[in-house]
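Next up: a single chain in structure tokens, the form predicted on its own.
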């Protein structure tokens, strides 16, 4: 390796440092801590996590596959609008959706109030499902995360050839039997990929679980670290959660390999949309409208009502300071992350050695790892570094500089870079793949160096992917809650933290304006994705 490649390798390993710290804790288990955790909380964490994975996986599969099939195969009133409206719940963080449904469905909410008024009953005289429960968390995660399955499965259904369906019909198969025997097996790798992504988000969720009182690994890590002050116990729990995530990553990689195998052998004739009328059209509309209404329309309406009710918050300087903190932190994190992604992706393109590819793959795993795990894995090395700097400074200068990394914005930016590097790395890689290697070779024959090729050839062609990566990272940073809660400096808040604090204090209406601001910014990538899907639909001649 030359110096440039060694530097790239070192930076990639540094970005993967939190994951390495957590993984290495498995090699040095603290048996007393583990025994105590196994006897007290781990069985409950595992039980709740397994129930969540099974229930949410089933729910997002039913919602995502049914909507994807209706949109890709049938012509019914509103299907064009619904084709992109089904993506809107992606803009709504799960913990914000949890706040809105708690306000609506809790005992003091309007739904139970109407029931008591109509039937003249009091508390204890009727049954109503508890929203702040494990079942409530399953409901919220299903209506928020199903777009992962819908998006990928819809693309798979659109790529399927009509030849297989026509063959099935000639053999006497009905439309329903053709779906079960032909379409569903062909789309199974895509469905598995979408479900895996949704389950990763389920394991990473903290805000919803904490607010609903559901004990899982993310809430347990936070309580062990802050409530008990047991750093080693938090690290051990993070390692166990990492095992869950690695299993899901392996499933996703396997399903993606199968998806590529299918796409290389699929015919190119697109499916013909079948018109629906009567009760069939009404049923298709209901299937597609229901998740949009539950996952976006109802929560967004509640946020708007809260924002109007608490209109004075929009006039407070503190709220705009929170917005400013969130935006500048998100923009700075986005610039750092996209710059790192561009450097690493271009370095791998120029020096595709096996060690460098492995290091960059490690650095790109952060998006699949819960933010709380990254935060815990980052605190230990940063605390060690701060202690070494303090010791050296006191020995040489007789001066204590204090904490320079732990509990500072630097720690937050580091965690965001680890967490969201994969988002920008994949976006930049997709842009670089559109640039033929012959352009690099031609530039080298004209005497251009690697830096000049990047500056004069690649950057002008990568403007759109880089802008998309900046927006995606900005939105993800604005929504990120657990890593920000753990690593933020003292008396430093963001919109996500403020919304969480207000909801934790049962001041749900006060959480409306910051939550609405997060959702409004989160709509930007959803709109971009919707426009891309619409252009693909038009090109396909639908």
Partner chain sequence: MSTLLNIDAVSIQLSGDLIVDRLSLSLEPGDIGCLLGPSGCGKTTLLRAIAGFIPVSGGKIELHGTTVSSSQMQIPTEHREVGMMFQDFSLFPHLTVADNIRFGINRLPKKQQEERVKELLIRIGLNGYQNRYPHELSGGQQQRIALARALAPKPKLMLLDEPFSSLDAELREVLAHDVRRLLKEEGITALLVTHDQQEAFAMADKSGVMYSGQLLQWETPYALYHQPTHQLVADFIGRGVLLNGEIREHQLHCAFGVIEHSQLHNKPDMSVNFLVRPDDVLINNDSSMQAIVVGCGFRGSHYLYTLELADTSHVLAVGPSHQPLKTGEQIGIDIDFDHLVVFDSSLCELPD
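Numbering follows the first chain given and starts at 1. It should be emphasised that the depicted structure is a prediction, and the values quoted were computed from it without experimental measurement.
Keep in mind that the form predicted together with its partner chain is missing from the display, and what follows is about it.
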**Request:** Find the only residue in 280, 274, 80, 444 having a heavy atom within 4.5 Å of its partner chain in the predicted complex.
**Result:** 444
**Prompt:** Which one of 467, 115, 439, 391 is close to its partner chain in the predicted complex, taking close to mean a heavy atom within 4.5 Å?
**Reply:** 439
**Message:** Against its partner chain in the predicted complex, would residue 452 count as a contact residue? Criterion: heavy atoms within 4.5 Å.
**Reply:** yes
**Message:** Whether residue 457 contacts its partner chain in the predicted complex should be assessed with a 4.5 Å heavy atom distance threshold; does it?
**Reply:** yes
**4.5 Å heavy atom contact, residue 327 to its partner chain in the predicted complex** = no
**Touches its partner chain in the predicted complex: residue 461 (any heavy atom, 4.5 Å)** = yes
